[in-house]
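Next come structure tokens for two forms of one protein chain, structure 1 first, structure 2 second.
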Structure 1
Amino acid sequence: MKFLQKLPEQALRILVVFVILATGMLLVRQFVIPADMKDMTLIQTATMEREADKEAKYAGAAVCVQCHEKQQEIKRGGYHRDLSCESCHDAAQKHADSPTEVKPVSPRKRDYCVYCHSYNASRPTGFPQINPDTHNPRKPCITCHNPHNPKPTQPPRSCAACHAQIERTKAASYHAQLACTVCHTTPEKHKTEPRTVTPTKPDKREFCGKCHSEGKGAKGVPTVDMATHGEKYVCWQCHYPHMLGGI
């Protein structure tokens, strides 16, 4: 009681209101809410029954493969291996129940594929992206690409085909005139398997020193004393090579 006497009047009022509300909730739960609404087992059973009564929309890839083994085999080793069939073909439960009467959606227009493949700077570097206005304009994507394994019909001829964001940044940097292969050794297989076979990048200071150490740089090229500048760090740990300027 002494504790309550020391409380400010405003805090005491709030405490009283809180006690009244808590007491009211307990009374409602005890005497107003029916017993069956407080039985968690009954609630869970009713929820499961309600959900089971809903019409099934998605069949699942395990059902699709029962009839479409050839497509599944192509997809299993392709770039779309992690996509479910119904990501592109829409909910297919009705097709699975009546395969001859109900046909699944088959996206054949360009506007569907560009949901994922039009250029977006937030997408991961190396993710296949295009400008749909210039990339084979007006042609459906499936004209050139098998949708179950949409590998390029020919290996990209330019690094910018996949690394457009880096290419645009590099175009405004001091390295704009350097070809990517000056600093990166790129295995031919990188063009067809970019995530498993990656290009090299300089791992020693001496590589950048070929152009930027004192006495070796061409006229106008920034040079440093490689023995003291940056100590033991590889140059790109402080200087982003694709970016304009220094640190």
Structure 2
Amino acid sequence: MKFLQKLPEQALRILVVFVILATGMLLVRQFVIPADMKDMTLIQTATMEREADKEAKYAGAAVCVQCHEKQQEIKRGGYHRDLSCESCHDAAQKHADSPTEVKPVSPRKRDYCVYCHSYNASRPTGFPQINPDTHNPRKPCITCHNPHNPKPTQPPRSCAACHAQIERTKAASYHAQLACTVCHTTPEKHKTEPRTVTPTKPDKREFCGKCHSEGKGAKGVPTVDMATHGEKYVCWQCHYPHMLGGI
């Protein structure tokens, strides 16, 4: 009990309040709450029964395929291969049960595709994104992109189609005038099969030195002494090349 006297007065008060609250809660649990509300297995079973009673709404992709092999075949080889049928056609168990009476919805309007494809900085690099205000406005997306295999009619013209965030930061940097391909040799196939063929990335200090080493730089290009500046580190450990605004 001696240590209690050593505590500052405020701490003692908080302790008293805490003890009262804790005792109160224990008493309520012991005498007020009915026994069946404290039994975890009872609660779990009740929840499971309630959920199991709900109408099953999603059929699952395996079911759709039984009658729609053609759509599945088209989708399998395309960019949307990982999307399930019902992520676009909505829960369609009722349709699977009685196909001619209940028709599932088909998202034919632009706003549905935009849900996943409008530009958003938090999306992973390389995820195909567009600006719906400028990307072929007004026409429904499905006039040009088959929803089951949305291959564009021609490869994208700019890197920004899939690297919009990098394009945006670069546009405001010292390197705004440099094309992406100055630093990344990009095989044409990268634009249609981005994951199978990737562009090169600079891998040595000398790469930046082509323009920035003393004596070599063109007019107006700031130069550094390659031997001492930054020494053993690669340049982009200190200068992120897409976002140069000084560090």
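C-alpha atoms forming the largest set that superposes within 1.5 Å between two forms make up the rigid core. Nothing here was measured: the structure is a model prediction, and the numbers come from that model. Numbering runs along the sequence of structure 1, starting at 1.
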{"query": "Structure that is the form predicted on its own (1 or 2)", "finding": "1"}
{"query": "Residue shift check between structure 1 and structure 2, rigid core fit, A62 Cα at least 2 Å", "finding": "no"}
{"query": "Rigid-core frame, C-alpha of K38, shift of 2 angstroms or more between structure 1 and structure 2", "finding": "yes"}
{"query": "Did T200 shift 2 Å or more between structure 1 and structure 2, C-alpha, core superposed", "finding": "no"}
{"query": "Between structure 1 and structure 2, how far the Cα of L21 shifts once the core is aligned, in Å", "finding": "11.3"}
